[in-house]
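In structure tokens, one chain follows: the form predicted alone.
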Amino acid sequence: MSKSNLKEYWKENLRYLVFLLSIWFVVSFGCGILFVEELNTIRMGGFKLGFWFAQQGAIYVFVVLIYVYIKLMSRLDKKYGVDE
């Protein structure tokens, strides 16, 4: 892989990371702490939604984001010819 391709590969990889971690931050910090009062007016399975996001939702979102990252990286590896 040429040096310019390597730079583009890592640039795109970091863009994916920043985007996905931003989503996780908004869900975990935003929904679990900042917007908890507004979300607590909604109930989900008998629990307040703000409580659910703080205890379970952020973890579920993180696991989903891991799978999204795997798919994005597989596609990126194929694009730059570094897949196995």
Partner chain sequence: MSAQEWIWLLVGLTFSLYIGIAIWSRAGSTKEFYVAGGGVSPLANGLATAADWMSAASFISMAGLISFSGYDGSVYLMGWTGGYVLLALLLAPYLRKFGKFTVPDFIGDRYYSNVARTVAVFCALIISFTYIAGQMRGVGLVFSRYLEVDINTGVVIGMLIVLFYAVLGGMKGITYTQVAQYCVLIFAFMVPAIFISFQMTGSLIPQIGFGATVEDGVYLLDKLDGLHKELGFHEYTSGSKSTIDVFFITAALMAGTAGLPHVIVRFFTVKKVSDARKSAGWALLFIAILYTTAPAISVFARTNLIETVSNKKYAELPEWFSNWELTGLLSFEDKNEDGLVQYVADAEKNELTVDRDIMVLANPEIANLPNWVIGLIAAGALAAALSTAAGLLLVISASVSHDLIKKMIKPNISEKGELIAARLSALVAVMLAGYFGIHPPGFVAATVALAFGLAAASFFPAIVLGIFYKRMNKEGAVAGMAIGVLLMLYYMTKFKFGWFGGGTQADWWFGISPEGFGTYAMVVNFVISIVVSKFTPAPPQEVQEIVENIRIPSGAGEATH
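For the two forms, the rigid core is made up of the largest set of C-alpha atoms that agree within 1.5 Å on superposition. Predicted model only: the values in this text are computed from it and were never measured. Residue numbers count along the first chain shown, from 1.
The same protein also has a form predicted in complex with its partner chain, omitted here; what follows describes it.
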>> Contact with its partner chain in the predicted complex for residue 55, defined as at least one heavy atom pair within 4.5 Å: yes or no?
In response: yes
> Going by a heavy atom distance of 4.5 Å, is residue 34 a contact of its partner chain in the predicted complex?
Replying inline: yes
> Is residue 59 one of the residues lying within 4.5 Å of its partner chain in the predicted complex, judged by heavy atom distances?
Replying inline: yes
> Relative to its partner chain in the predicted complex, which residues of 23 to 53 have a heavy atom no more than 4.5 Å away?
Replying inline: 24, 25, 28, 29, 32, 33, 34, 36, 40, 43, 45, 46, 47, 48, 51
> residue 42: CA shift of at least 2 Å between this form and the one not shown after core fit?
Replying inline: yes
